[in-house]
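Take a look at this single chain, the form predicted alone, given in structure tokens.
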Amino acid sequence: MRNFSFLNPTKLIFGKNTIAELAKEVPQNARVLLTYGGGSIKKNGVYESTKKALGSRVVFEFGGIEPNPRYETCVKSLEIIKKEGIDFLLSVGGGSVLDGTKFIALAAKYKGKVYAKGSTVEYKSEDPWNFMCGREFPPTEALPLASVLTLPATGSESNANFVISRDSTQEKFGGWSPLVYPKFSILDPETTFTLPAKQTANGIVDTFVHTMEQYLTYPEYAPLQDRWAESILTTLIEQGPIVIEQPNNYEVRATLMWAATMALNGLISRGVPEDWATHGIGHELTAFYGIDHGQSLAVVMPGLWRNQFEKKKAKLAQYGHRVWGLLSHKRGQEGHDETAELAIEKTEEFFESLGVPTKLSGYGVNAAEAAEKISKRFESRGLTSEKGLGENACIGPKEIKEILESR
């Protein structure tokens, strides 16, 4: 039996000049905390448009959320929330700002471990990091939140996922809670015109890998799901190079923004196996070495495919044929294997063409050192090759070390 349920409560408001819709969507009596990143929204007009749309509402601000949102930064907002009685969060920025805002929404209401005492229930306040790393049950409440998206990549505008790093422990964990689906998300492609080429490229890679983690596993009779995923991949391959050359092309920006949303809103994963090992390993590269999230994925995924080639080659060959138009002159299994290997090479070439290196040396990281350090971390968490990462749960410390050594 499979669970095909799909219920995404986020309202998407897409198109030009849609920031003005905040005037209708944000409750009139809300006490709003506007969250953002490094301040680029104050240079490209997004901040001004947002403040104008919010009108006479009581608005406080919390800036400085990093591209890989830090726990240490996010928890600073909790004092403002408590002091000012904040009851609505509005994320204005990219997926990282929204990820940080989702964590803040949960942390603001978090009461810690639950203890039963007689007929009453008592709460012992704990560090909210504990629900990120699984030491405590997930939160049961959250502040409502919404977003104005300015960097398409993570799909956070239409899902309940978030990823947070903690500097003090050099850890990076992903979380999920139905409590942090945005109430609505505004997607105006024009807000992405001023993005640096590096951020645009990282976003394309992130979207590409999100799609792959729900597609490139093993054959399953799900032709519609496969075709949906393949259409996203083909679109990224087609439109990615154009946006690098034509950053103000509205139609291309709109297409890529929509692709990022569709890649991780829960639709293409229904009824098919998933493999999030690339993300799991990539998070550690970010935690230890500060490599951008999209860059870490570009490094790990091709190496993981080669390490797991025998288990993934059927789907790799399908991907190579349908998405890249690859056809081998060899017959039978030998031809399939050649198509599968060429598909990996074409993927690496695509990432490199966007300016995203696929080797650790491109980021000044020693592969052998990273392999040793990261494999030991997974080993310390009890991961094994029998109970590991991936759709087959077979990627343990040994395989992770091999993958990173090859990069």
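One rule holds for the numbers: they count along the sequence shown, beginning at 1. Keep in mind it's a predicted model, so treat the numbers as computed, not measured.
Not on display, but discussed next: the form predicted together with 5,6-dihydroxy-NADP.
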Within 4.5 Å of 5,6-dihydroxy-NADP in the model of the complex, do 211, 240 and 350 each have at least one heavy atom? no
Any non-hydrogen atom of residue 312 within 4.5 angstroms of 5,6-dihydroxy-NADP in the model of the complex: no
Can you tell me if residue 90 lies within 4.5 angstroms of 5,6-dihydroxy-NADP in the model of the complex, counting non-hydrogen atoms only? no
Should residue 27 be classed as touching 5,6-dihydroxy-NADP in the model of the complex when contacts are defined as heavy atoms within 4.5 Å? no
Heavy atoms within 4.5 Å of 5,6-dihydroxy-NADP in the model of the complex: does residue 382 have any? no
Partner-proximal stretch of 321 to 329, 104 to 112, 71 to 79, 154 to 162 relative to 5,6-dihydroxy-NADP in the model of the complex, 4.5 angstroms, heavy atom: 154 to 162
Considering 5,6-dihydroxy-NADP in the model of the complex, which of 264, 300, 205, 256 comes within 4.5 Å of it through any heavy atom? 264
Heavy atom within 4.5 Å of 5,6-dihydroxy-NADP in the model of the complex: which of 295, 278, 147, 191? 191
